[in-house]
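This document opens with one chain alone, in structure tokens, the form predicted alone.
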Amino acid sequence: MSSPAINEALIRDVIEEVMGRLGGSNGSAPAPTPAPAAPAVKTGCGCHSGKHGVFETADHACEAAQAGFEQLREKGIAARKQIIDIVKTVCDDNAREWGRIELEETKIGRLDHKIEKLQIIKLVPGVEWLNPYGLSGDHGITLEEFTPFGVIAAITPSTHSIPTLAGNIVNMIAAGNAVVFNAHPAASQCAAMAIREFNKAIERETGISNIACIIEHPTLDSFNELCANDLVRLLCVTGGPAVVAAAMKSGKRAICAGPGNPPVLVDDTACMDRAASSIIQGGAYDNNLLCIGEKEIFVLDNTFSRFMSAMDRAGAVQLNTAQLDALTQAAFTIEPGQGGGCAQAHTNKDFIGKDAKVLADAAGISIPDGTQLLFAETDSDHPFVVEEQMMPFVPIVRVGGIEEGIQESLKAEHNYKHTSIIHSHDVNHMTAMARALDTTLFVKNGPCGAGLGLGGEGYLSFSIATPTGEGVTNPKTFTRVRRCIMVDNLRIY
């Protein structure tokens, strides 16, 4: 029996988000021109509407992926390792071209960082994470192993389309699964291109076809069909609140990487120059498209002027009050609250992921070439603090003490439990903030990327499952734990 249909009203919310959040009628990434349909071919699973993993319908893609999964299961862990190496090599070899293609399609972010995100796919962990657990005792032997689900349906964003897709493939295939992608419509062409190239290389080297599939023209219907398809055993969603909510109501188990609005707290024990350079490095990365990126900064009043000077020395450009007002009017649409409620701010999608110069022009200021980040003093209720705005601008808010800074950080993070950052040399301050915010990533004295092994210890993933609790995803995330027990007196000693 198929899974329950997703609530129609909720689906309408999803389509508004998926089609409009980063690529709607007012968006910075207009809907892409449909690519020519892939040539019709007959595949080993009986599907006849796709080639090299690219399909017209969700059902055909799922049938093909199921056949790919069965091929992978027969060829074992050695084939998984081989496929992972292929995906990482293809990403590295094509990083410059694919980065350019993704930027041209989505029109958000920075080329150098699009390229780098593909070059670091090699840091995503593989089958080495799946060592079994064994136990022997007086009553026999028990072995626990990490086994695949089968076909996974994955929803990917336009902010990091090919990197998220590639990172998910590495994790999911390391776990022994096949995957079908429903990409963000504003990045569907580059995603389909990558899937074609991955499948060509994988089939050429291993003989396995359609281990990673994609719906060529993703729609509301294809999303719904993926969620309902009987072959799909698991959902993995990277996106905003509406699409996450829809996945969690689909009747399938869902691993959901939701939104973030990471706050940064700077106290009077921190190194101001290190804090400033870290905030610029993280907050400006890919024009602040990262969900882990520094979005709003709370600074203790007694060190505020020192911090602002450090931001200036590190190369960020400060806006005055008039310039901030001009940028705010351009970057947000403010609607009055209903019935005496608070006003609502809506981000102008024309500014999402744009270069600092675009924001500076809107603010009426000329900035030096190469400027990565703008900043200005705001209050804690400013739209740039409240909204996950994804622009190379950070608001700086004065707070009277560490307790106020933690409370304002908690408020701004919206209980997403995603990412928070502190710059401090006081262990008590670090501990208090960590306990209060309880975020999946908590970075101390470094840029946000340190939380994913980029300048800090750890491993890389492009899907951080905060709403469903899995955290930074890895191959184990996409497995079932199975226990095999042999009962007898089997010990030698």
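Heads up: residue numbers just count along the shown sequence, starting at 1. No experiment lies behind these values; they were computed from the predicted model shown.
One more form of this protein exists, namely the form predicted in complex with nicotinamide-adenine-dinucleotide; it is left out here, but the text below deals with it.
Residue contact with nicotinamide-adenine-dinucleotide in the predicted bound form: Leu265 places no heavy atom within 4.5 Å of it.
Interface residue remark: Val243 is counted as part of the site for nicotinamide-adenine-dinucleotide in the predicted bound form, having a heavy atom within 4.5 Å.
Within 4.5 Å of some heavy atom of nicotinamide-adenine-dinucleotide in the predicted bound form lies at least one heavy atom of Ala183.
In the predicted bound form, Thr156 approaches nicotinamide-adenine-dinucleotide with a heavy atom inside 4.5 Å. Among Met390, Ile152, Val124, Ala191, the residue placing a heavy atom within 4.5 Å of nicotinamide-adenine-dinucleotide in the predicted bound form is Met390.
Of the residues given (Gly258, Gly176, Pro395, Gly353), Gly258 alone sits with a heavy atom within 4.5 Å of nicotinamide-adenine-dinucleotide in the predicted bound form.
Between 458-466, 62-70, 424-432, 443-451, the stretch whose residues reach within 4.5 angstroms of nicotinamide-adenine-dinucleotide in the predicted bound form through a non-hydrogen atom is 458-466. At a distance of at most 4.5 angstroms from nicotinamide-adenine-dinucleotide in the predicted bound form, all three residues Leu220, Thr238 and Cys291 contribute at least one non-hydrogen atom. Residue His418 is the only one in 411-447 with at least one heavy atom within 4.5 Å of nicotinamide-adenine-dinucleotide in the predicted bound form.
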